[in-house]
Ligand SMILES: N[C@@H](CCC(=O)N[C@@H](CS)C(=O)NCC(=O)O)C(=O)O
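Just the one chain here, the form predicted alone, laid out as structure tokens.
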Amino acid sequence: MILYGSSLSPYVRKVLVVAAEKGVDLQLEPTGPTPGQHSEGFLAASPLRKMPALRDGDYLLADSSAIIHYLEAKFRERPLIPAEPRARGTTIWFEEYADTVLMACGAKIFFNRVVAPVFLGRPGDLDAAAAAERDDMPPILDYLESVAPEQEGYLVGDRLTLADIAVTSPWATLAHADCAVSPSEHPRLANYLGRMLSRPSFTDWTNREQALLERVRAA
């Protein structure tokens, strides 16, 4: 199976981490942020020209949530979406919250501090990034602090689920933009994210991302 996209995208990374945690082999075919960097395979698989997109033989599918549900149905070992109704509902809620509310704020920060200057060769709007971090992020942090486990544990039940992966992935992206959770202001969230981001399924990709950013910035 081929996944089209860049792991710097929290949506792409979310799929890659799900695959790693489930033991599913996905081949990442890099795709850049501009139309000139899109491969024919990506264009065929992604009608909206957004990453990620998946090719599994002759089957094409776009959107991270759709791809994850496909993988969950096809590879039933190590399930990441609970079957119990309340746990499933809560898991999908956290994924939706991360994909929309958290990333509506995070995208302003990451695009203007990283994507525009590093990959598009033009200055980002640093005032917009600062405003998002100052004005939009605090209520998100407060909410996530209120639901984060106190010490060990996960967002839903007693094991890793899609909820944990979806909420953590944007923070891996934001770390590349010098945006992190303060342990003094949000200790439970900082501890939780530290544990999640230290999992090999995340570090395998975040280490590569950091190396890529260093190479591009040095070029």
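Everything quoted here is computed from the prediction, not taken from an experiment. Quick note: we count residues from 1 along the sequence shown, nothing fancier.
Although it is not shown, the form predicted in complex with this ligand is what the next lines describe.
The contact with this ligand in the predicted bound form, taken as any heavy atom within 4.5 Å, belongs to Met51 out of Leu189, Ala163, Ala45, Met51. Checking Glu72, Asp136, Glu145, Asp99 against this ligand in the predicted bound form, a heavy atom within 4.5 Å turns up for just one residue: Asp99. Of the candidate stretches 164-172, 178-186, 151-159, 61-69, only 61-69 has residues with heavy atoms within 4.5 Å of this ligand in the predicted bound form. Along 1-24, residues Ser9, Pro10, Tyr11 each place a heavy atom within 4.5 Å of this ligand in the predicted bound form.
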